[in-house]
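Quick setup: one chain, the form predicted alone, written in structure tokens, and binding and motion questions come after.
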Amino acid sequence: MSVTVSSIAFAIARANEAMGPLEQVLNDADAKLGDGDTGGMLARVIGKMAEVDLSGAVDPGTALSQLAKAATLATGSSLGTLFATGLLAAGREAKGREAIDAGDLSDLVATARDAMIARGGASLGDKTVLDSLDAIADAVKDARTPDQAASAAAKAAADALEAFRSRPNRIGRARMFGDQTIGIDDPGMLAIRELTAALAR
């Protein structure tokens, strides 16, 4: 089985549904480190993406690019812009393919990760969504089906969140709190854990 336009649309719909109860959880997590708006921002971004009619997309790459454009229109935040950047880079990489094999997902996630690093200036190890994506890219390398990839991604995101909880945030507004961020979950990493878990159900 492969990832198709219809499966991308289904995943976005499921993520949008998951954001209902998750929005306030993420806002509360972000309030410990920043403006307390991560949940609201992601709800707007994913909600806008869920409104996109992907039925006319000729391939998964085009679908991802359309979602990236919707995400860009829905946010002015740095994290939202990074998500859009990652989606756009993955869309370019996948353009022209009728479907995306599960084995190719690792490269697409890595492409998104690298584009986000270039755009945002953060590095691996800074305790951000980049560390979650890096763990996911590695975890899905051996996936043979989308379901296997979803399960592997969910576990990798959960493991990354746990591993980085004991480290300080090193970039963004949170870095100003220094060692006080030790023991506190990065809200972006928490969002990745919860959304990948929702997609794996």
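Heads up: residue numbers just count along the shown sequence, starting at 1. None of these values were measured; they are calculated from a predicted model.
From this point on, the text means the form predicted together with a small molecule, which you will not see here.
For the residues A71, V109, L82, A89, the 4.5 Å heavy atom test against the small molecule in the predicted bound form is passed only by L82. Judged by heavy atoms within 4.5 Å of the small molecule in the predicted bound form, the contact stretch among the candidates 60-68, 147-155, 37-45, 160-168 is 37-45.
Proximity of V129 to the small molecule in the predicted bound form: non-hydrogen atoms within 4.5 Å are present. A residue is said to contact a partner when one of its heavy atoms sits within 4.5 Å of a partner heavy atom; A115 fails this definition for the small molecule in the predicted bound form, lying far away.
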